[in-house]
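For reference, the chain that follows is the form predicted alone, supplied as structure tokens.
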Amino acid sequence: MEFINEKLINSYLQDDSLKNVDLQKEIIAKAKERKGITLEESAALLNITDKEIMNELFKAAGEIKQAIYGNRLVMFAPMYLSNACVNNCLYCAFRRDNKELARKTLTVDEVGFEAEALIKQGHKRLLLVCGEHPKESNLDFVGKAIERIYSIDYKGNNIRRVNVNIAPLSLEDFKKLHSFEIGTYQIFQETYHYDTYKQMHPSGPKKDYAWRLRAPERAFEAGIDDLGIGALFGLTDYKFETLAMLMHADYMDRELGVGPHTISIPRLEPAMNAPTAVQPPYAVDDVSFKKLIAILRLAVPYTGIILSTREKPELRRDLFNVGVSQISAGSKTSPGSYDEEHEKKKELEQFQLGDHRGLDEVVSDVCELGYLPSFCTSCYRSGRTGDRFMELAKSGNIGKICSPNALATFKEYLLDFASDETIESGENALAKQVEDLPEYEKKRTKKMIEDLKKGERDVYF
């Protein structure tokens, strides 16, 4: 079981004393200090059923996120390199036994076309994804793909950071991955419940629970100090999954000195010929989903919480208020899907999406809601990663850097890619948020914006 202590988690889930409403209120009040809460305290909050206390939880989560990250929402898109896979995960359309799935692996040239298509939308950061296959998606190919992505320039615009979500590697291969100048290495345990994990992964290299669980440690030892974790909610009890993921985050923070840079919270969605995805064994309703996100924000206030386009626009808007800080936008889940022929590629998709809006529509919506769309990648390129990033985030000082840089990247988007409608709402939001900055940050931000107006690009500090 490694460091995921199922016995301890279950003892908390079965402890009726943690259902006490006064205790729950005390924990929420403590969490507002932004120092995190314990696993036992998180278990108590998972028991909240009282609507008044639930609203207090949601409000506290929003306040904590605002205090640390401000109103920024970082934008990114996934790029799928291949849907070939040797694993047989029961919840995924890419599973080896799905004979009806049309298999596709991009060529390096096609990777370049996809990157250019995403740049033309306005994206600056990508998440590279592929199935696990020793030939179709080997590490050499991943390296060539990343090199091609970074090489694409469109009128001075480019992809400035590639984050990677691929199968766990050996220490030596992680060192090689690190040499590709990636941003965050992201890996989801899928489910932390051991018996469920074994059931969901009956064959293929992914069936090794421990090899996957220890991947962040090997990546860290190899020099990759920005790490993302996650769980696929719906495979087992969401309360167990939440506590186990928090146990993983705490272990990373203690043993590596660096907690997860991001935590992802995807819910199980229908997928072609994936038996478990048709009817999730432990489907998570919207209220419980919102609750677990809020608890994650209270428990690990420093981490970035990622919300994908699996969720519908209406729910995504609501979840922004309880701690989400990064969102995918304009996403496609099949290789080669950002070209004009996407409609012909539905049979290549990994799972169904809930939000089909393009990036510009999402950006406009985010502005109308009072949030700041951010395309910033400056921390990766300024050495603010790993323990340095953690120090800034935990102390609440990251916003002093992030807000000006986020505003500059948003201005760049408005100048180069936004529709007329988005320009109007975006410029109004931009002007207001610049004026709300402290004087020193305001002066620096206005200088960057003026440089952008003069034709400079990729300005940051």
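As the structure is a computational prediction, the values presented were derived from the model and not from experiment. Start at 1 and count along the sequence shown; that's the residue number.
Separately, the form predicted together with S-adenosylmethionine (SAM) exists; it is not shown, and the next lines address it.
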Review point. If you check in the predicted bound form, is N98 within 4.5 Å of S-adenosylmethionine (SAM), heavy atoms only?
Key: no
Point to revise | in the predicted bound form, R267 touching S-adenosylmethionine (SAM) (heavy atom, 4.5 Å) | key: yes
Review point. Going by a heavy atom distance of 4.5 Å, is S382 a contact of S-adenosylmethionine (SAM) in the predicted bound form?
Key: no
Point to revise | Proximity of Y91 to S-adenosylmethionine (SAM) in the predicted bound form, heavy atoms at 4.5 Å | key: yes
Exercise for review: Specify the contacting stretch among 166 to 174, 315 to 323, 370 to 378, 148 to 156, defined as having any heavy atom within 4.5 Å of S-adenosylmethionine (SAM) in the predicted bound form.
Suggested key: 166 to 174
Practice item. Decide yes or no: are H123, K400 and V459 jointly within 4.5 Å of S-adenosylmethionine (SAM) in the predicted bound form, with each residue judged by its heavy atoms? Key: no
**Study point:** Single option in Y194, F113, F188, Y251 placed near S-adenosylmethionine (SAM) in the predicted bound form, where near means a heavy atom within 4.5 Å
**Key:** F188
Review point. Can you pick the one in A271, L213, V258, A77 that has a heavy atom within 4.5 Å of S-adenosylmethionine (SAM) in the predicted bound form?
Key: A271
